[in-house]
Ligand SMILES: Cc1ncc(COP(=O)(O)O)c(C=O)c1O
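Only one chain is given next, in C-alpha cells, and it is the form predicted on its own.
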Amino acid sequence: MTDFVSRKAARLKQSETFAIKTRAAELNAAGQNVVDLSIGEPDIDTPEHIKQAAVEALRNGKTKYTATAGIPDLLKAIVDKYWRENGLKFETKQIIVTNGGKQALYSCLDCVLNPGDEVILQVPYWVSYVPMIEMAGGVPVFVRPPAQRAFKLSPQELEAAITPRTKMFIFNSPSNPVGLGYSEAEIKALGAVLEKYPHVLILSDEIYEKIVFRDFKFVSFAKACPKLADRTITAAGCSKSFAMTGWRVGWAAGPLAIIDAMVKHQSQTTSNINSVAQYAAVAALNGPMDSLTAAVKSYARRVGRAVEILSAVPGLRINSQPIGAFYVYVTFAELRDRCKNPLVLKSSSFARYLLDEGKVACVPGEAFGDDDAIRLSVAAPDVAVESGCDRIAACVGRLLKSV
C-alpha cells in the first residue's frame, strides 16, 4: 500500500523527540530504569483552577462547535494578555486559536508560502520547523551561527541569507533547543535588517516567553520592532507555561489578511479546537500565576544543576548558558576529537550509546540541524535531572578510559 502514499508524505519522519521518548518508555516497561530527559513537557500537573474551569464548562454543556477562530472569551483573553504583558495591541479578529502552537506555526506557513519560497532558519532549530516548511512547499535556508558565539544570530548573518525568494524569517526566543534569548537591543538590530526587505515576513515563535530566568527580560519581536508589526505573526500557547501540553491550545496573532487566511484554512481542516479546552485556557490566561512562578524557579534550579555537572565533564561543553525554556544543549565535538570512538561520530550514535549504556534518554542534535550536540530536557524531577547528568558523565568517563 506504500505506492499510494504521496512523495511528500513519504519524506516525512516521526519527530525525533517523540521517537526517543517512545524508545525510553519501551525500555522502562522492560524494567530498564531509564531516566527520560528527552521530551519538553512540564513534569507538573495542570493547575487546579484551570481544570475546574474545564469541569464547569462540561457541566454547563459547553461541548458544541465554536467559532473556527475561537470562543469570544478566549480571543479577548489573548488580546488582553498581549496588551497587559507585551505592550502589543490587537483586535480579536487578529487572533486565531489553534490545536496547540504547532498548528499555529504550520497553518501560517501553509497560508503564506508558495512553492519555492525560502524561509530563513537559525541553526540549531526546533525539530518541526523544517518538515513544516517543506510540507508547505517552502525551502528552508539555514544560517549557522558559531557555537563559540553561543549560537546567536548576527544581523550580518541574517542579511547575507536574504534573497529575492525569501518569504519568511522564523524567530524563536527563548529558543528550543538551546534556551538562548535575544535582548530588546539584539532584536532591534535584526529588525533593522528586515526593515530593508519589505517582502520578508517574520514568524515569531514565543511559546517559552514566560519561562525565563537569570534576570532575562523577555520582549516580543513585534514590540521591539513596531515598524515590522504589520508583517510579524506571533505564535504561542498554553502548553509550556501552564503545563497544558495535552489540552492543545495555541494561537497566532498578526496581520488581519494572514489570520483571516488561517481561519479559512482551519475551517477546512480541523474546524474549532476542543471547546472545553478553550474555557480552560481562559482561566489560565486570566487566573493566578503562582504555579507558573514556582515551576520557573524549579526549571532554573534544574538547568543550573545540569550545567554544573556537565560542564565539569571532559569533552563536553555548554556553549550557551540557558536563559529560558527548560533545555540544556550540550556540545560533544571535543569528546569526539579526543576519543575517536565510532559511538561519538554522530549525535544519533552518541544518544543511542547514552540510552543503551547509561539508560538516559536525550535527543540527538541532528534533529536540530547540528550533529555535534545533544539536548537534555530538565522538565523532570530534580532527582531525575541529577541522576541523568551523572549517568552521562559516567558514560563519557568510560569512553575516555578506552582511549
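Predicted, not measured: the structure shown is a model, and the values here were computed from it. So that there is no doubt, residue numbering starts at 1 and follows the sequence shown.
Keep in mind that the form predicted together with the ligand is missing from the display, and what follows is about it.
For the residues Gly191, Pro140, Pro145, Gly100, the 4.5 Å heavy atom test against the ligand in the predicted complex is passed only by Gly100. Shown without its partner, this chain lists Val119, Ala280, Ile207, Leu74 as candidates; in the predicted complex, only Ile207 has a non-hydrogen atom within 4.5 angstroms of the ligand.
When contacts are judged by a 4.5 Å heavy atom cut-off, Thr234 does not count as touching the ligand in the predicted complex.
Mapping the unseen interface onto this chain, Tyr129 counts among the residues with a heavy atom inside 4.5 Å of the ligand in the predicted complex.
Although the partner is absent here, Arg248 is a contact residue: one of its heavy atoms lies within 4.5 angstroms of the ligand in the predicted complex. Taking the partner from elsewhere, Ser291 is found to have every heavy atom lying beyond 4.5 Å of the ligand in the predicted complex. Only one segment in the set 263-271, 170-178, 294-302, 83-91 has any non-hydrogen atom within 4.5 angstroms of the ligand in the predicted complex, and it is 170-178. Residues of 231-255 that come within 4.5 Å of the ligand in the predicted complex, judged by any heavy atom, are Ser239, Lys240, Arg248 in sequence order.
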